[in-house]
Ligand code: 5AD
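In the block that follows, a single chain appears as structure tokens, in the form predicted on its own.
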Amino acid sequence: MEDLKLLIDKLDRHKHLDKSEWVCLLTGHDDEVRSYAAEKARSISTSKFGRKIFIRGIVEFSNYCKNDCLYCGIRRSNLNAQRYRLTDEEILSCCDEGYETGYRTFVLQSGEDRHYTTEHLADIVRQIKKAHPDCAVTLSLGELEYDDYKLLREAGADRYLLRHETADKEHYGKLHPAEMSFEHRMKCLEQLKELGFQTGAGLMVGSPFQTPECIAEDMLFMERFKPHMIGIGPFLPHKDTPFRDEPKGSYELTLFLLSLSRIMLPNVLLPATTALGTIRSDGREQGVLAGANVIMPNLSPTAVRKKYMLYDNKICTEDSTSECRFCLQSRMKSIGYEVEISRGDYSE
């Protein structure tokens, strides 16, 4: 195990490992090695951000989606999904309520639903920025075209989250229908960065057909791309998808990858995801202790939260915005951290 600790030290020094070294680390680690990485990552995180946790309020405004990704509960083929769309007024009300409880970043998330034209979405962004000029707006709307992203950026959107899911083209093809393109996903990420968005990528840990070599490619991609945010969560199956009987992703490996990401990219904004809190009741706390510095609670109306189910048994679908906010504050306090009321922008 000492050899693996030396690899972690090398990653800390050089911010790079070869693919074979990544595979070695990913296949040979144990509790001791993961603890070593977590301690190093936590030290880096506290040196950069103190014991502060940035919060982002998510508004899941539509669960319609034109895509048919094999892992996703809101895929277009899921006829059991109860579809919904929020009005502009409902979206703005969620942001207003979030602002009152201390949120200074709002994340607008949906399936790829072209009912909302790009101009319509841009207008929603403008309205949020007008009502709350001291806040950041993050978008998570999937794959669009360059002109769409440009219009949204000009409207005032600050950040964009688009998980690459996997940096292995063959693996990508096993998770998505034939009409979706690995090349287009990667092109979208490049365009977002080019337009000046703080750009987030990320992966599912333990997704079907994933190998250590796939994850090694993910880490090499993120080293090259240098996203401002990285979303890493365990794969969790949904009962109405082709992957319903696949095993959950590894909780331990997810924490390990959070730590390795922090060590490789010290300034990155790194969420402890809702999926991590779903797989283990203290998952988000352990994510923070592994190097994460962001948590993203839900601001959506409680009436629709159970309808936005990307995977089964998602947590926090019944708590009010204020209940979520103060539960989170208490949870962070229990491990010696505090919630920061700020935009929490990426900074070199």
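On a predicted model such as this, the values are computed, not experimentally measured, just so you know. Residue numbers here begin at 1 and follow the sequence given.
The following text describes the form predicted in complex with the named molecule, which does not appear among the structures shown.
None of the heavy atoms of residue 277 is located within 4.5 Å of the named molecule in the predicted bound form. Of the heavy atoms in residue 310, some are within 4.5 Å of the named molecule in the predicted bound form. Proximity of residue 72 to the named molecule in the predicted bound form falls within the 4.5 Å heavy atom cutoff. Residue 163 belongs to the set of residues with a heavy atom inside 4.5 Å of the named molecule in the predicted bound form. Only one listed stretch (209-217, 192-200, 76-84, 232-240) carries heavy atoms within 4.5 Å of the named molecule in the predicted bound form, and that stretch is 232-240. A heavy atom within 4.5 Å of the named molecule in the predicted bound form is found for one listed residue only; from 125, 204, 175, 91, this is 204. Contact residues in stretch 243-262 (any heavy atom within 4.5 Å of the named molecule, taken in the predicted bound form) are absent; none meets the cut-off.
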